[in-house]
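Single chain ahead, written as structure tokens, the form predicted alone.
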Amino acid sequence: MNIAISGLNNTDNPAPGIPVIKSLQDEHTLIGLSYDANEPGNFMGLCEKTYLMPYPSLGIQELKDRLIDIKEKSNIDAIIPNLDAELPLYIKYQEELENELDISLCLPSLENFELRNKNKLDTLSKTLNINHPKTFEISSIDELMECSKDLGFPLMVKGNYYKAYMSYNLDSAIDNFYKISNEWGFPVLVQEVVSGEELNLIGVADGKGELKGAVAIKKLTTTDIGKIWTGVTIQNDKLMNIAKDFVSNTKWKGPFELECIMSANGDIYLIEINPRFPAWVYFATEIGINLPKIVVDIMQGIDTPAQLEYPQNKLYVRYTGELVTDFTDLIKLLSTKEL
């Protein structure tokens, strides 16, 4: 297949695109989709070709026009979108893209996508009988002050879609409230802090209620914005059952990541559900669970056995690297929007 893959940033805050590409490069022809000419993945030589894309905020017609052009030049059969900002557009119009452009996608329904919004996670958690930190939806400083009396400090101030800040006192909470609301609008979420080990599970579901592949890790060290730097594989039956229940009840389709906290007594709290691959997905490939390949199998209608067993105590270590290329490559990409 000719598969287009987005998310080519590969700095110390990497996007998932390069790990997905590395997972598929031996079996498929890969095309890179980039929103920024400076993204390292444009110059790493892992794709047959890369194309600059219009920003998702420009809407579906701009996206369709660009994909029609790319399909004519590179004959893409499928797309694996990997960025939060573009997913709503691909999800909302996935049937249109599949039927009109003959481009395969493996994505959840719009209803399921919205179900994992941070302000709806409490409802979903109750449906699945999963622990979830106490969360308040607010739109004013007065409401923030009331919440802080209930939760105490520290507490988390979150955007409904992006960003989260730890607040250790009322002044920092107010400051973070304005940061979130000025950038992302309302509602702003205020959430209790649950202490414990950070556990993440990455999975792929077939849209029919079956979890087709999964790997779980415990974070050991993170960057200053919470991205995993080192981690270790774990086998936690409770966490795996949470993933199975989530998939069975929602009929989720495609990749996802569960971000959880395990308290000292072993209780697991669901913190966030990401509707895409995380940047550590190639780690799963390296230990024998190739989740991007499972996504491609689903798009091709290939039914494979579930892959839920993997070695424990395998260490994940993220690192940065450098490459040298010609400046003319950047100029060409900027001027022609392809490389």
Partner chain sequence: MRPIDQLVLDENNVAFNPVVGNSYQVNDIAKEILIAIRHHKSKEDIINELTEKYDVSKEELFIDVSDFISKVKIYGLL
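Positions refer to the first chain, counted from 1. Values in this document were obtained by computation on a predicted structure and should not be read as measured data.
This next part talks about the form predicted in complex with its partner chain, which is not shown.
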### Task
Given that the partner is absent here, state which listed stretch (96-104, 241-249, 195-203, 170-178) has heavy atoms within 4.5 Å of its partner chain in the model of the complex.
195-203
### Message
Just checking whether residue 221 would be counted as a contact of its partner chain in the model of the complex - the rule being heavy atoms within 4.5 angstroms.
### Response
no
### Task
Indicate whether its partner chain has at least one heavy atom within 4.5 Å of a heavy atom of residue 85 in the model of the complex.
no
### Task
Would you please decide whether residue 262 lies within 4.5 angstroms of its partner chain in the model of the complex, comparing each non-hydrogen atom pair?
yes
### Task
Give a yes/no on whether residue 144 approaches its partner chain to within 4.5 Å in the model of the complex, heavy atoms considered.
no
### Task
Have a look at 127, 140, 117, 235 for me and say which one sits with a heavy atom within 4.5 Å of its partner chain in the model of the complex.
235
#### Entry: Contact residue in the model of the complex, chosen from 38, 312, 304, 300 - any heavy atom within 4.5 Å of its partner chain
312
### Task
For the heavy atom contacts within 4.5 Å of its partner chain in the model of the complex, list the residues of 118-142 involved, in sequence order.
none
